[in-house]
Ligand code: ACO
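First, one chain by itself: the form predicted alone, in structure tokens.
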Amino acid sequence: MSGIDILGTGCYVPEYTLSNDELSTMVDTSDEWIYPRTGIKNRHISKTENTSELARIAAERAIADSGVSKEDIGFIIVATCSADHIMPSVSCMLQKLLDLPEHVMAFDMNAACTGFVYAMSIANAMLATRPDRLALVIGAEVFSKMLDYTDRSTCILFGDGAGAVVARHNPRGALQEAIFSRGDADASHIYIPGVPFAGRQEPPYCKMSGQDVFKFAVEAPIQSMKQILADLDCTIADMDYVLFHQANARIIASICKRLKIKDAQLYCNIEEYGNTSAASIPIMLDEMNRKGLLKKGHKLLLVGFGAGLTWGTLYMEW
């Protein structure tokens, strides 16, 4: 088995913080209603910065942390469902903003909240074909521009942010993934309208069936985690950390109870950031890295689940 090494991490969130109390002045809700149901107290909201700008700052910090030359970067993969434009991609914009060389392959991919897990799996495969290059993998979202702040079911959940890693191929490393998708053909669970046919314009706001999403988000990750553990012939107790996409504290608690995951194996920051979609896992990785929590050889599970429907778990060693 080969894998990747993470050489550096970075993250960025907008300065403005939207608290539950402030939200209660905008929509019929309160801290007493939001926090017990979600675990969220605050979320960072962009006032002027678009997704590419959040991604740029996170990427610059990851590159600085890694100490590598920009000339060695061969791939940019941006996981996002809130790109600045339909085209060009955030990744191509980022190539220019970071002044990266022309030989870089740059593309975006959209697996919603599972995006970073998908992107790391893709990076692993691409680096194996070009081990002389490095990959810049980013999860970045400005989800707030797609929220209806009169819709209590969605506007309380999401925040904006970006996280990035610089990765290289490690022929003696370990990376394993269990990735799944199930087409939600009628978009009944969670969706954001796209470019319309004439006369059929919907407001470009996130729509969600909360009960359906909650049930999916508890069941699906368990499937992918069990598959990974079976493939590795190990147990959840062998993992140093299990990093869940930060969707809802109750979802995470329910999964942990069923799989007997200990509090010491978790890192959670949903209280401060809310659900930052594809950015949530790389933001956690950067925070843990800067706090010195991640040690060489630590065994990690990165667990994503989101619209598509998509879900997956990635095992890697730090």
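Residue numbers here begin at 1 and follow the sequence given. What you see is a predicted model; the values in this text were computed from it and never measured.
The form predicted in complex with acetyl coenzyme *A is left out here; the points below concern that form.
Asker: Any chance D263 has a heavy atom within 4.5 Å of acetyl coenzyme *A in the model of the complex?
Answerer: Because no heavy atom of D263 falls inside 4.5 Å of acetyl coenzyme *A in the model of the complex, the answer is no.
Asker: Though only this chain appears here, would G210 touch acetyl coenzyme *A in the model of the complex if you measure heavy atom gaps against 4.5 Å?
Answerer: Within the cut-off, so yes.
Asker: Hey, in the model of the complex, does I251 get a heavy atom within 4.5 angstroms of acetyl coenzyme *A?
Answerer: Judged by the heavy-atom cut-off of 4.5 Å, I251 is in contact with acetyl coenzyme *A in the model of the complex.
Asker: I'd like to check something about F214: if you look in the model of the complex, is any of its heavy atoms closer than or equal to 4.5 Å to a heavy atom of acetyl coenzyme *A?
Answerer: Within the cut-off, so yes.
Asker: With the partner removed from view, which of 147 to 155, 236 to 244, 96 to 104, 115 to 123 is the stretch that lies within 4.5 Å of acetyl coenzyme *A in the model of the complex, judged by heavy atom distances?
Answerer: After filtering at 4.5 Å, what remains is 147 to 155.
Asker: Taking T29, R37 and I190 as the candidate spot, are all three within 4.5 angstroms of acetyl coenzyme *A in the model of the complex by heavy atoms?
Answerer: Verified in the model of the complex; spot residues all in contact, yes.
Asker: State the residue from S52, S46, S66, N275 whose non-hydrogen atoms include one within 4.5 Å of acetyl coenzyme *A in the model of the complex.
Answerer: Of the listed residues, the single hit is N275.
Asker: Within 295 to 318, which residues come within 4.5 Å of acetyl coenzyme *A in the model of the complex, counting heavy atoms only?
Answerer: The stretch touches the partner through F305, G306, A307.
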